[in-house]
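Presented below, as structure tokens, is a lone chain in the form predicted alone.
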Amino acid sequence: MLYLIGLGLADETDITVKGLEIVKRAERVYLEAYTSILLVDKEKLESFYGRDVIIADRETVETGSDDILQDAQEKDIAFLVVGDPFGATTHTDLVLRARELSIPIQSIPNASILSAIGSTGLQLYNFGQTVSMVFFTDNWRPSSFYDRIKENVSIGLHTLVLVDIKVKEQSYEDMARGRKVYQPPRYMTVAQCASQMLEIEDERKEQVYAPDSLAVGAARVGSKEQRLACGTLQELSQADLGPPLHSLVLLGKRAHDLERDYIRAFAIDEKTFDASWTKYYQGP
């Protein structure tokens, strides 16, 4: 059996009892380590699980899936995923490959940012499409996220923006030369995300959002060090929410008064919060 096991969001203790029982008996245990990260290192996981853990980077998962699936017809293989197993499409690809090989599959769900973002006080029923924000470069500034946000805004829904992480990434030059040299890990912040959103609005000028549109920045969701900050995009573009992982929610205009009362407690500046709420979100 191939088991895809969700680990939750924070540390080694977030795994479910069912998931931990499978990990303890599995032949091999892999940890997917590039779509997201836990807030503890591999050694803490191994100590808690009582098992060695094999790090599975992007290359391993996307091009070396046969190694992961080896002997899975006869033995139990555990594939650990931060959050929920199906929070990233890569894991769907792994399941499809296992099906081709007639390997039985079982998924053990857990909390993901898609559900835990409710800790902001924003109602999950009021969320539209989730979008991703990547690091901009000098010659690559993708803005497809803007069109998805525009669709959400048109019907008044919140938008969860998942921000980029770069783990074991190569530079274009090293890739072109075939050198196995990897860049240091990078994790996008709420401030970088808000800044890039404002840059694209300034370029597109479709008034999907504005510098004084309200958003909630979330850091280390699900951990004891969780931090939330609510403010305008301009305020968040200068906010420091500390270490990764970060995410951001752009408020939709259908925001409820109960949501307002909840998120106001995290306001960077209550006066600007109230002014923006009255301008964009207050009903007739």
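Position 1 is the first residue in the sequence shown; the rest follow in order. From a predicted model like this one, the values you see are computed outputs, not experimental measurements.
What comes next is about the form predicted in complex with another copy of the chain, which does not appear here.
None of 183, 73, 92, 143 but one reaches within 4.5 angstroms of another copy of the chain in the predicted complex through a heavy atom, and that residue is 92.
Comment: 154-162 is the region of 154-162, 191-199, 134-142, 206-214 lying near another copy of the chain in the predicted complex, near meaning a non-hydrogen atom within 4.5 Å.
Contact with another copy of the chain in the predicted complex, defined as a heavy atom within 4.5 Å, is made by none of 47, 101 and 187. When another copy of the chain is considered in the predicted complex, residue 222 lines it closely, a heavy atom lying within 4.5 Å. Using a 4.5 angstroms threshold between heavy atoms, residue 15 counts as touching another copy of the chain in the predicted complex.
Contact check for residue 269: every heavy atom lies farther than 4.5 Å from another copy of the chain in the predicted complex. Contact annotation: residue 227 falls outside 4.5 Å of another copy of the chain in the predicted complex, judged by heavy atom distances. Contact residues in stretch 262-279 (any heavy atom within 4.5 Å of another copy of the chain, taken in the predicted complex) are 262, 265, 266.
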